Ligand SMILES: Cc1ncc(COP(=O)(O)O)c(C=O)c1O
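Okay, so here's just one chain, in structure tokens, the form predicted on its own.
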């Protein structure tokens, strides 16, 4: 019998989807589906209000009308529907102060995950290195490898509020370094990189003639008046930055699978040219809904109020558990808990899965600096009472683990 794995190239050969070995990563294979079929609940997908209905009324009306009209059976252009690109350009121009040309600086993608790897594809060749803060989104470590390159983790620390330390970047710079890849605000830590730290990092990028990919999927909700700075607005960065965004997190429309990339037209010309080969075309129905979602920002304010309150409740409950520490979330829909006093990331996540029947993310999946932590999508469930019930079930498990270790 042929060993087909030997035919798979080195970049993909060790990637596993759970068909032959157990996989714990929530967005790989049947992990979530199988756990849900067993009666488990999911707080490991960065999907606001999952699994409850959460379509804004205006978006729902657009979807229904579009289906009735029948046009949605047809393609959009591979680079994105013109009106959607125009809407995105207006939103981004307002946020950043940069005049965005919808026909030269915007491309629509089927979600930000495809946007992330597509942003890297024109730049990363065999042997190229990508500096990636750790902890960070798991795809940031895998994507360079899938393209033949190598992710070089750059450690961030809880004690430093996970701000980038330029000395750590300098230590890892080599003649093979091609790119810096950041998730900002950071997933999983929720940290917002401060202007001063970003300025120093961007000076390093310009000085060393690097490319920056900035994943800003969580940018919609920043708490406590913290300033959010898009790196592409800093000196020398527009022409070397690809900014990847999404309607999944802040707007809460993960299932529509619409993301977008903003960049200089010299970069965008290449992205436009290969879009049909790599991206295909975004869903027509989703594109029409995304226009409404971006134009009607009233739901953003409602989500902000709900998520701001939710993160305070989560912090109060989880930070009171013996042996657990967590900083209050600075952005988005997540909580990041240091559970190292209770066990490894996998041990704690497995215990929560077994005893609370809730799936959370082991921090070790987010890079070496994530070991000893767990990520909880605290924005799951629409009703506060439903979320609170799950927080209390998780808390009971963690308190039991603390008691078993004599921590009080």
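Residue numbers count along the first chain shown, from 1. Treat the numbers as computed from the prediction; the structure is a model and nothing was measured.
One more form of this protein exists, namely the form predicted together with the ligand; it is left out here, but the text below deals with it.
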Counting only heavy atoms and a 4.5 Å cut-off, does the ligand in the model of the complex sit next to every one of 116, 217 and 246? yes
Contact with the ligand in the model of the complex, heavy atom within 4.5 Å, among 31, 59, 358, 46 goes to 46
Residue within 4.5 Å of the ligand in the model of the complex by heavy atom, from 335, 183, 282, 263, is 183
Per contact check vs the ligand in the model of the complex (non-hydrogen atom within 4.5 angstroms), the hit among 105-113, 290-298, 124-132, 305-313 is 105-113
Note to self: How about residue 190 - does it come within 4.5 Å of the ligand in the model of the complex, if we only consider non-hydrogen atoms?
What the structure shows: no
The ligand contact at residue 257 in the model of the complex, heavy atom, 4.5 Å
yes
| Wondering, does residue 137 line up within 4.5 Å of the ligand in the model of the complex on heavy atoms? | yes
